[in-house]
Structure formats: C-alpha cells, structure tokens
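One chain is shown next in structure tokens, namely the form predicted on its own.
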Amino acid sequence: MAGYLARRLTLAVPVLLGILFVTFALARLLPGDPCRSALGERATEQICEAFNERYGLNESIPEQFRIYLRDVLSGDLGESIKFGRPVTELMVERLPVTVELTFFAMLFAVLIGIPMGLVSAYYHNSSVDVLTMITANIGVSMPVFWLGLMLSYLFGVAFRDTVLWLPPSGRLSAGISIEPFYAAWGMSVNPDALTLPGFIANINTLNALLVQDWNGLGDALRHMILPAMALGTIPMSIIARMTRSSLLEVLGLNYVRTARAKGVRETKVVLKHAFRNALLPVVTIIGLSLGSLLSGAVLTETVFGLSGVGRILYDSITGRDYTVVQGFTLIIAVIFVFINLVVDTLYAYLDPRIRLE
C-alpha cells in the first residue's frame, strides 16, 4: 500500500505542473487587459506601463511562467491584481466557506441519496421504485439557481415567523460572532496567513465546536441548511440512481442467491453482502461530486450571499486577475488529486479482490 501511495503521489506532480501551465497560458490568452480591467477609466498608458512593471506583465510569457513557478515552489502564490492582497489571504478567507458548504451538501446528498437507491433497488419495479426515481430525475433536472431561489422564498419568506423559517442568506445572524478557537486557546496565530489554525477558524461550524459555542454552532448550522440542500440535490439524485443500478446488478449474482438459500437474513444479505460490493461505482461518483463542488459553486454562493471560491473565481476571471485564478486553480487541482487518491484507496477496503500492490 505504501508503494502504491508513493507512486500515485509521484505521478501527481506532472499532473499538477501541467494544470498549472495550461491555466497560466489560458489566462493570458483571454482577450482583455488586466490594467484596464482593474483600473477602468483611470488606466492611462503611463499608469498601465507602471502597472505591468509592478506585476511582471511586461515580461515574455515563458519568463512570466518561470518566475511564477519559482514563487509557487517557495510558497508564494502572488498578489491579487484586483484586490491588492496576497492570494494566500484570500484563500484563508474564501476557501473555508466553500469547504463548509461542500461538506454539508455532500452529507445531505449521501444521507438521502444512498437510502433512496437502496429502497428503490430492493423494491424494484414497484410504486416505491417509480416514485423514488421520479424524485431523483426531478432533482437532477432542476437548475441550482432556481432551486436556491425557491428554497429562499419558501423558507425565508413564506414561512416567516414560523418554526420552519430558515435564514435565506449569509453565514451568521447579525449580532452573532464566534471567537476563533486559537484565541480562546491562547495560541498566537496570524489570522491572515495561510495556516491550518486560521483556515479552521473560518469554518464556522467546526470553530464553534472547538470553542463549545453552542449558540453560534446552531446559528451556523441553520444558515447552511438551505444552500446545502440547493447544492446537494443534483449529487443526491445521481448517487440515488447509481446506487440503484449498481445494487440491482449485484442482487442478481449467484452468491446473493446462495446466501438467501442458506437462510441468511434479508437485511444482512442486502446490506452486508450486496451493498458493500455495489459501493465501488457509488464511491467513485461521490469522489467526483465532492471535487466538483469544492471547485466552487458560483450560483449557490451568489443566491445565498456566500463569499466562497466560486464568486471570487468568477470575479477574477472577468477582471483578468491572473494570480487569483492560477492560485485557486492550483489548490483545486491538489484537492482533486487527493480525493482521487482517497477513492482509489477505498477500493481496496471495499473489495478485497483488488490488490493495489
């Protein structure tokens, strides 16, 4: 197993370099001038010359890439052209929002999607199966922005002043703040630096758990319900359909019929013998969905007023903010590689026939 992990990590290096190069090249092939996008009407020829000199945009493309690669290897992702701040500070501020949203969206998708697929496969061709698959098809067909707006209206407006009301936007209610755990624990941490404590402190639910702020935890969870439902509906539907099809295939195999003939309890046959072997494609779908959600849910974050990866990437692409696009793309690529590594490792645990070595 250790040798397999070492090989995968080694192969990830050229993949990351290739992604970094393609992103670097595509960002500069886009039409538009970063100086004029950032400064607007104030951009004169003299100002733009100084601007390009400051950010190294007057160098050749190969030289710019060499300088950027050198800085990345030293841990410097550059400074945002549009925001005038280091990219690492923006990551500490924006990435935890998307990580928190992705976690709850996938939790919703898995906890609802897998049971739906199980029930649908077990009661194959019944009314329960038809109803479940209709629900899954509707879920995968609804646009995220429409579903988000409908959820906001229903729970934020129609159910106002009732127990069903949920916050339609933001991460915390006005007047509620959660003390960073490193401050409560007496740790000396720069909140703007790209450090693990600073990153964790910006994940409200996890930070509230660490400082045992139950009021703040409850408020943060309530703010995550609607965006998690909106973002997790499509993955939920895909997981349900994949679970159903995979489990139906396994339930027709000989070893399942043999287990039933031996008098093994039906719940044990389905959950222990069949379901575990049906999990391989489901785990793959979960891994791909998780990586996609982490890359930034622009529409969900916009509808619910969340300042995450999606919104800043959109603003950076339209504003020709090369350093932010490159920095966040690199981090997202690293996350994708890590998730794929975890998924491949899970294969060996779920199916002992697979020998990674």
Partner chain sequence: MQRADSLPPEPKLTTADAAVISRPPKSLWRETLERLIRKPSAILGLVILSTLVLIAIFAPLIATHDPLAVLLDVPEEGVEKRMSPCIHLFGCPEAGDTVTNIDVGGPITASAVNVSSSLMLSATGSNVTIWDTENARRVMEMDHEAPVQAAAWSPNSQKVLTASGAELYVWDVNTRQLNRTLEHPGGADLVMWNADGTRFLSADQETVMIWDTLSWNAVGTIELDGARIAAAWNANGTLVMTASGSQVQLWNAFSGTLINTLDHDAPLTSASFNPASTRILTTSGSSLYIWNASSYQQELAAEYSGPLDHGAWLENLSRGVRKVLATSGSTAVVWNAVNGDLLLELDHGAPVERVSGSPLGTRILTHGEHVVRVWNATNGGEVMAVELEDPISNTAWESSGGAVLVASGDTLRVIKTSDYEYIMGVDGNVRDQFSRVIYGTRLSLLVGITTVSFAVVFGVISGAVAGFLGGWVDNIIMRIMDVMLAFPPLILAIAVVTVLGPGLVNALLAISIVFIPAYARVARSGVLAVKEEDFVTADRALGVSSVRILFRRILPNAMAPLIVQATLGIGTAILDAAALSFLGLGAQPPTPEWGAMLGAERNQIFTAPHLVFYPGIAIMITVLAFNLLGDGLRDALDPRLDR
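The model shown is predicted, which means the values in this text are computed figures rather than measured ones. Residue numbers count along the first chain shown, from 1.
Keep in mind that the form predicted together with its partner chain is missing from the display, and what follows is about it.
Engineer: Assess the spot marked by L9, Y182 and L280: is its partner chain within 4.5 Å of a heavy atom from every one of these residues in the predicted bound form?
Structural biologist: No: none of L9, Y182 and L280 comes within 4.5 Å of its partner chain in the predicted bound form.
Engineer: L29 near its partner chain in the predicted bound form, any heavy atom under 4.5 Å?
Structural biologist: Contact check for L29: yes, within 4.5 Å of its partner chain in the predicted bound form.
Engineer: Although its partner chain is absent from this view, report whether W146 comes within 4.5 Å of it in the predicted bound form, heavy atoms only.
Structural biologist: Yes, W146 lies within 4.5 Å of its partner chain in the predicted bound form.
Engineer: Just checking whether T267 would be counted as a contact of its partner chain in the predicted bound form - the rule being heavy atoms within 4.5 angstroms.
Structural biologist: T267: no, not in contact with its partner chain in the predicted bound form.
Engineer: Within 4.5 Å, heavy atoms only: does V189 come near its partner chain in the predicted bound form?
Structural biologist: Residue-level check for V189: no, no contact with its partner chain.
Engineer: Just to confirm, with a 4.5 Å cut-off on non-hydrogen atoms, which of L248, I200, L107, V128 contacts its partner chain in the predicted bound form?
Structural biologist: Looking at L248, I200, L107, V128 one by one, just L248 meets the 4.5 Å heavy-atom criterion.
Engineer: Just one of L57, I47, I317, L69 has a heavy atom within 4.5 Å of its partner chain in the predicted bound form. Which one?
Structural biologist: In short, I317.
Engineer: Using a 4.5 Å heavy atom cut-off, which stretch among 133 to 141, 171 to 179, 209 to 217, 82 to 90 contacts its partner chain in the predicted bound form?
Structural biologist: Partner-contacting stretch among the options: 133 to 141.
Engineer: Taking only heavy atoms into account, state which residues of 325 to 343 are within 4.5 Å of its partner chain in the predicted bound form, ordered by sequence.
Structural biologist: The stretch 325 to 343, when checked against its partner chain in the predicted bound form, contributes T329, I332, A333, F336, V337 at the 4.5 Å heavy-atom cut-off.
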